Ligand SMILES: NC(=O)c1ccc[n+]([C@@H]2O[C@H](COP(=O)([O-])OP(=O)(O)OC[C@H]3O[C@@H](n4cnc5c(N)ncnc54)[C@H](O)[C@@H]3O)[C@@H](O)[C@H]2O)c1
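There is one chain below, alone, in structure tokens, taken in the form predicted alone.
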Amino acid sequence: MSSYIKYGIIGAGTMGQEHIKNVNLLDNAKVTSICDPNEGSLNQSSSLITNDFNSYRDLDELINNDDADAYIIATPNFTHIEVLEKILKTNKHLLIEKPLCTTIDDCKKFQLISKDYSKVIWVGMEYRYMPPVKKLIERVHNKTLGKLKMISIREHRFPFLKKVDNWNRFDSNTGGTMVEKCCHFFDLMRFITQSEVKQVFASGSQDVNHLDEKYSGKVPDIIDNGYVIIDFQSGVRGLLDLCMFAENSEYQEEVVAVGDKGKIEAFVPSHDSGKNISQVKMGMRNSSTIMTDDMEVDKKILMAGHHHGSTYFEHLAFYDAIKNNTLPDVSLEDGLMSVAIGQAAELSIKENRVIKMSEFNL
């Protein structure tokens, strides 16, 4: 490997372009190839790259030309398993955008076929790296709050963005909103609690968004709001509150952890607010004082994506894992479990019942 890491971007749409912007901010790294069958996406991505690079419409051609050290897979969810099966032959480092796959079965299939892979395979769960969320995680894990009892996450945000061919409007392509969007939050809960999930109960619906849209005669079927209650094996209770028609909110994400000694809250501003200051607030039961930490993100990092700088910090960690040949922060098992919890929530909504994780062959 040269002194800098060469990245190939597979999938040059919205998220692929966010990855390009963040690789551009890294020292000793550059994007040397992009691949996407859509000419518009390729042109948009090409405009973001200032160094020499190769552009491909065909994945096999990119693989055969072997001009990257690491590949970032940011194709539509339903294509992940096919892309991953092919990309394994490269034996390059991989960062796979969430969700790992759209189904438990495909996640397990990829786990099996990659079990002897010698390079880093990292699942893109960038919400772990949002500065206020990372601070909350550190304080929970060092027992500042005592024994964790409850974890809740609220995301009130804008509707799903437009994607190429509107692939993200249908459950069959995405795995459903609880997989596509909320796997981030289920991963966070599982990581914060350091516990597996026992059972899931969810209520949700498509009430506002995309109801006046039709594609090939079909109306989108993705959930735009819901609540998910999660019971962990450790006894911790979790709650997800999702609304995707609440874009005019000061905070897009709020994460709250409560232990037997205190409570901590992380507030992540909406991207459209332009705020680069997030907050972490903590109050202990034996005190009347609320401690507040203001956390600032460099504006050039903030403007490189919609995730409050977290994609950049994720890339720093991925880069270090490549350079130091260390294990990924987010493993294939983490990717599988986040999809499984999302699939359980989708099933709970459809069948109006509690879903026990033991129902799945995990």
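Predicted model only: the values in this text are computed from it and were never measured. In this text, residue numbers run from 1 along the sequence as written.
Only in words, not in the display: the form predicted in complex with the ligand, which the text now covers.
Practice prompt. Note which of 163, 141, 275, 198 lies within 4.5 Å of the ligand in the model of the complex, where distance is taken over heavy atoms; exactly one does.
Written response: Looking at the other structure, the residue within range turns out to be 163.
Discussion item. Please identify the residue among 265, 180, 106, 224 with any heavy atom within 4.5 Å of the ligand in the model of the complex.
Written reply: None of the other options qualify; the answer is 180.
Discussion item. Quick check on residue 184: any heavy atom within 4.5 Å of the ligand in the model of the complex?
Written reply: Contact check for residue 184: yes, within 4.5 Å of the ligand in the model of the complex.
Worksheet item: Is residue 315 close enough to touch the ligand in the model of the complex, meaning at least one heavy atom pair within 4.5 Å?
Response: Because no heavy atom of residue 315 falls inside 4.5 Å of the ligand in the model of the complex, the answer is no.
Discussion item. So, residue 258 and the ligand: in the model of the complex, are they within 4.5 Å at any heavy atom pair?
Written reply: It does not: once the ligand is placed as it appears in the model of the complex, residue 258 has no heavy atom within 4.5 Å of it.
Fill in: Residue contact check: residue 65 to the ligand in the model of the complex, 4.5 Å heavy atom
Outside the cut-off, so no.
Worksheet item: Counting only heavy atoms and a 4.5 Å cutoff, which of 265-273, 80-88, 111-119, 200-208 contacts the ligand in the model of the complex?
Response: Going through the listed ranges, the match is 80-88.
Item to complete: Quick one: name the residues from 22-53 with any non-hydrogen atom within 4.5 angstroms of the ligand in the model of the complex.
Response: The stretch touches the partner through 35, 36, 37, 38, 41.
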